[in-house]
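This document opens with one chain alone, in structure tokens, the form predicted alone.
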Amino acid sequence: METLGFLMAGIGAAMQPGILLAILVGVVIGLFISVLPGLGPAAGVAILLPVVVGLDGTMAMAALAGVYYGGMYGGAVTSILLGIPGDAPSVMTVLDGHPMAQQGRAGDALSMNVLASFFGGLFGLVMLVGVAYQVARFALAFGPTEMTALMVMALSLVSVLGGKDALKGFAALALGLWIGMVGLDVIGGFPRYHYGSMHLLSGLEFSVIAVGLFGLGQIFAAITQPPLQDSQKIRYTFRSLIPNPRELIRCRWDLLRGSVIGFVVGILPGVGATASTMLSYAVAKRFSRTPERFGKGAIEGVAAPEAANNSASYAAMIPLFTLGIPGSATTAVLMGGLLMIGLQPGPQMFQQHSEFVWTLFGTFYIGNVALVFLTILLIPVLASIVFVSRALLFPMIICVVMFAVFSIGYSVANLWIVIVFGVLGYVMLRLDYPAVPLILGVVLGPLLERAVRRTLIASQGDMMVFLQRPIALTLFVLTALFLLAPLAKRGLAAFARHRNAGS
């Protein structure tokens, strides 16, 4: 009941006109960003980050979070109408959504997208509010030693699960940790890796890195791709976009399973919404009485991944707010926003900034409801934006990015830095290096270093302190299991092949 009271107070505080406007702006931008191939929620939040940080803290985060879950809603629009996923989590929606559109059922697929997004988002929000406070209270027992172990485990998870190649993940993580060390030492205050530049003494601005890596990098990659071809005309009526209660009842178990899978998978650092949509689609097909319909226009194939997608987006907020560990690229950028407005995510946040946290959670509920109506109203516009010429669209986005970056301290050096990280982001995409470990290394690297050095200062250099604390020891053991499990699996597979070949 105490949690419900906090939530009601937060929703009431979120009804202020300025915050409502921030929510509206954020979700609309998220919807439009999500339908641009090559861009996604992480890029949208990164691009908007330097623009909103000068606002009131609650308004700024409400707008950034609105871009996040707004992007989760809108990514399926082009997947259904054009067969082109707006972002990675929408890939599974293409399998059945686009065949439905080709069969003249585009309205049914789009309305189910809205229904599933709302249902999964609502489930994720209920679980977020129900679990976050309890996790935060438990996390109060975490000192520097436990936080060291927890961050090591989170970084290891991201590096192994954040890409197809674990070695590439660790390489990206190492680069991010090094970038996070640029500037003044976090304890001693002496300069590191500044190469004689006074601008680098204060470190690299996180928003500049994020904008370059996720914003410009993905724009550069999209420019090199061949232009989109006009697909066949997909017709639908505005009336067909109104959600059908009968379809909701028909897909009720797929929506519930997708929401549960999305939440459980989404809460794991580094796994993300894309994995949850794939798993939920596979489970929906496994439990279906007519699995042969999947891939040919089954509405359950739209309901399950979209519910998982939006449930996972809110689940990723739990490690961010309760432990100060972002679980995805987008929440890493959101964490940067929190740090830029002077807030340190973690268990103390619920005690020291309780009003801010619950007001922000209240904005999530308002935004989730508003998106149902906004998505239906804006679907015709969202579907048409993909036909805007890249010669007009991308230069406008780049100009906005450059202006926003220059406004951070009005420094020309930031323009060069964002270009460098834009090129780096493009190279990483082409070479299939995951960007998530890099950006988390930048965010968590200084925090990890601070926790390690504080622990060693308190223990007078005794390394055994990391194994003497039960929670820390447990987390380190789990980290070892996460790292060794893939190696053990490969070893057993190789042994089995060798044994079969010998017999």
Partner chain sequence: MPVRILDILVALCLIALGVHIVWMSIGYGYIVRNVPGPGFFPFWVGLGIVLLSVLNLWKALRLERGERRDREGWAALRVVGIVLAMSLAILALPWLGMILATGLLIPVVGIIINGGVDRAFALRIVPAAVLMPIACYYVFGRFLNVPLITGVFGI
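Take the two forms, find the largest set of C-alpha atoms that superpose within 1.5 Å, and that set is the rigid core. Please read these numbers as outputs of a predicted model, since none were measured by experiment. Residue numbers count along the first chain shown, from 1.
Another form, the form predicted together with the partner chain, is not on view; read the next lines as being about it.
Although the partner chain is omitted here, in the predicted bound form none of Phe206, Val264 and Leu478 has a heavy atom within 4.5 Å of it. Heavy atoms within 4.5 Å of the partner chain in the predicted bound form are found in one stretch of 118-126, 294-302, 100-108, 193-201, which is 193-201. With the partner omitted here, the residue from Leu256, Leu248, Val372, Val423 that has a non-hydrogen atom within 4.5 angstroms of the partner chain in the predicted bound form is Val423. For the options Val77, Leu150, Leu216, Ala315, the residue carrying a heavy atom within 4.5 angstroms of the partner chain in the predicted bound form is Leu216. Put simply, Arg286 is far from the partner chain in the predicted bound form: not one heavy atom of it is within 4.5 Å. Among residues of the shown chain, Pro470 is not one whose heavy atoms approach the partner chain to within 4.5 Å in the predicted bound form. Residue contact check for Lys168: one or more of its heavy atoms lie within 4.5 Å of the partner chain in the predicted bound form. Proximity of Met464 to the partner chain in the predicted bound form: non-hydrogen atoms within 4.5 Å are absent; the residue sits far from the partner. Residues are counted as partner-facing when one of their heavy atoms sits within 4.5 Å of the partner chain in the predicted bound form; in 453-476 these are Arg453, Leu456, Ile457, Gln460, Gly461, in sequence order. Residue displacement note: Gly196 has its CA displaced by at least 2 Å between the shown form and the other one (rigid core superposed).
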